[in-house]
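In structure tokens, one chain follows: the form predicted alone.
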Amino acid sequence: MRNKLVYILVFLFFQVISFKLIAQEDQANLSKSNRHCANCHGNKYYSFFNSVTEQDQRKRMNPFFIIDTVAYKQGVHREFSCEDCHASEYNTYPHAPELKLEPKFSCLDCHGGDETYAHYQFEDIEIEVDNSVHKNAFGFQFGCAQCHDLHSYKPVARNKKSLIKEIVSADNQMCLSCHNNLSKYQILTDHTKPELLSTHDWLPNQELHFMHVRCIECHTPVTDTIMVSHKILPKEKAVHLCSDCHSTNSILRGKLYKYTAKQLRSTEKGFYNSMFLNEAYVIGANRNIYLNIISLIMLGGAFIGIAIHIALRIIKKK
């Protein structure tokens, strides 16, 4: 038992060391200016010289201000300097209090009106966000950063190599990062806790739905102009009819499976909504045209047989 305990402690020690080395190596790959910021914001603790007491001090970093440098190097903004989005005055510590009052840059400040990013349709997305239930409720307090972590964001839905389950997981995590996180949830509301499960108690097989479809499947309108709709509807206008998804005219074809639907538009042969068959079977949505014809023939034959039987009974009685 004692040897086992020693083994576990040694294993944990080397795990901690390896994680620390990975973090240090990743910080070393950052630019010089970003390393300066990561010295504090890339760790749980930071040190500084207190000019009042004339002593070095060590304090715990606010967990909301800790940046995962590994995730940052994998995100779309990895080549950017911290100063590209944050004021250069942040380079000195203690940070000037008035810096916290300065409005943060929005995505449109960089991506708006630029032909390089036109295919991402940022202007159209901004219009949808401005008409969403979140923006109407919280105004300027609600922006891109509320859902998209700008320090680690990387596109999943737009990545052709992404599996549907990866898209679902990534997109739902954006919603759950607030609606299932009391600390972040109460930044915008004074509700005591998110009522995620109770507000969806009408939905059968909740766990299966949450695992295989995105929240936005039911909480946004179908749109052909934007890859991912950002117009979050009020809960009263959310999808509640099972047939909206579980039918051959499934809204999933215009939302979750939009990425593959363009290549499989035809339903003249084979399976209806055949793009579903790659990773999922949706009851009522996946059908084969030939099986449908055979089913109709069998049903018609049954009715004809019943009609002939009734006719023969009537003739025999006479």
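Here the structure is a predicted model, which is why all the values come from computation and not from measurement. Throughout, we count residues from 1 along the sequence that is shown.
The form predicted together with a small molecule exists for this protein as well; it is not shown, and the discussion that follows is about that form.
Shown alone here, residue 223 lies farther than 4.5 Å from the small molecule in the predicted complex, counting heavy atoms only.
With a 4.5 Å cutoff on heavy atoms, residue 73 does not count as touching the small molecule in the predicted complex; it lies far away. When the small molecule is considered in the predicted complex, residue 65 lines it closely, a heavy atom lying within 4.5 Å. In the predicted complex, no heavy atom of residue 161 sits within 4.5 Å of the small molecule. Pairwise change in the predicted complex: residue 66 and residue 194 C-alpha atoms lie farther apart than in the shown form, at least 3 Å.
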